[in-house]
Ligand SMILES: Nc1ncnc2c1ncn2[C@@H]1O[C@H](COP(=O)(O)OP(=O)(O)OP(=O)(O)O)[C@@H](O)[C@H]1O
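As structure tokens, one chain now follows by itself in the form predicted on its own.
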């Protein structure tokens, strides 16, 4: 599903965020991406949804070379991706349902399909009863659930998340992680960048560790440790 071949990223200031990264992720994998701050995790994720491109190397998603993909094709790539970032980026003047539906409306999906998909996504995250509320009326955990619903409403092949539990208490973090597990069981490939030692060690999924832009560990049923 995802393949990185000798991917290097050097920023204009000379910082080498990624250094000759090679990695294959199969369809249906559940992968934790760990490592210290500045290790290259966020850069790695941005490469996957073409928010940035490598200085060297090639990235394939579902067999397509996305590094040489023309800009006009990037929106089509992202239709197959669900993205959950640290900043919730919810539209405060729109209801929960309208936030979840936003991406579908942008691509011109018919209203009947939008309504069905939004309802299904909200049911998956346990928020169908709050569809008419606004983000400011929700707790932090509920806002994160809205972000997840928005990310999965189009049944993506891949779900990419950056510190999805970073601002949440342990109980809510566990609930959010259980959601990701359920989404993964439906066949979606899940990639989670996180500093949450406890969740990584508890779930014992595949762990890829980045340090100084290099993969130093790739372990099935792994733990958080990367030293």
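Positions refer to the first chain, counted from 1. Keep in mind that this is a model prediction, so the values were computed, not measured.
There is another form of this protein, the form predicted together with the ligand, and it is not shown here; the text below is about that form.
- Proximity to the ligand in the predicted bound form holds for none of 126, 128 and 149, with the criterion being a heavy atom within 4.5 Å.
- Here is the short version: of 38, 170, 28, 166, the single residue with a heavy atom within 4.5 Å of the ligand in the predicted bound form is 38.
- Residue 42 is the only one of 42, 188, 67, 174 with a heavy atom lying within 4.5 Å of the ligand in the predicted bound form.
- In short, of 6-14, 200-208, 215-223, 20-28 it is 6-14 that has heavy atoms within 4.5 Å of the ligand in the predicted bound form.
- The shortest heavy atom separation between residue 86 and the ligand in the predicted bound form is within 4.5 Å.
- Heavy atoms closer than or equal to 4.5 Å to the ligand in the predicted bound form belong, across 187-209, to one residue only: 195.
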